[in-house]
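Quick setup: one chain, the form predicted alone, written in structure tokens, and binding and motion questions come after.
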């Protein structure tokens, strides 16, 4: 089984590497990092690069495709190499997935129209404007489409996807293999639990803007 994780300039590293690490634990699964061209793809902060080992053209029929999020998402909201490839491979994928704002790329390509999905909490309004039904869950499955909330939620989605691919035991083995046992020191990982002042500050600094009332 081939899993293709699409990279693009200014993507968020954990959005891609979290699912990569989980799904690489499964027997018989080949995870391929792919992009428009071979070689390093720079992350959103410019301090890290992940190497694409295959181009989009070299991965024409992946069983699973995963799109990470990141500020570079804005460059792929109209037809172009990445959205065009996603539309083409989606015709034969078993699963098509997005992490964080990577979900917006899928939505803009028309793949999530009238479906339920989740994304980064600050991008929910944008998701709705793209004809998708936003949910506040950590991850959502609707048909063959899997979506996750922001960044770290991609690991949770990947584990849930692993269970659907290979069964619960294999997914739990993958979880144990990466020792995924989150116990954060703060309860501030969601706008529902974070201090209100912090949520307000994050909204004010966000590149996503809620529609005027």
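Positions refer to the first chain, counted from 1. The structure displayed is predicted, hence computed values, not measured ones.
Beyond what is shown, the protein has a form predicted together with a further copy of the same chain; the following relates to that form.
Novice: Verify the flagged residues 24, 175 and 202 against a further copy of the same chain in the predicted bound form: is each one within 4.5 Å by a non-hydrogen atom?
Specialist: Yes, because 24, 175 and 202 each have a heavy atom that approaches a further copy of the same chain to within 4.5 Å in the predicted bound form.
Novice: Does residue 44 reach a further copy of the same chain in the predicted bound form, with heavy atoms at most 4.5 Å apart?
Specialist: Within the cut-off, so yes.
Novice: Would you classify residue 35 as touching a further copy of the same chain in the predicted bound form, given a 4.5 Å non-hydrogen atom cut-off?
Specialist: No, residue 35 stays farther than 4.5 Å from a further copy of the same chain in the predicted bound form.
Novice: Given that the partner is absent here, does residue 121 sit within 4.5 Å of a further copy of the same chain in the predicted bound form, heavy atoms only?
Specialist: Yes, residue 121 is a contact residue.
Novice: Looking at the partner-bound form in the predicted bound form, is residue 57 within 4.5 Å of a further copy of the same chain by any heavy atom?
Specialist: The answer is no: residue 57 has no heavy atom within 4.5 Å of a further copy of the same chain.
Novice: For the stretch 59 to 93, I need every residue with any heavy atom inside 4.5 Å of a further copy of the same chain in the predicted bound form, listed N to C.
Specialist: Stretch hits: zero.
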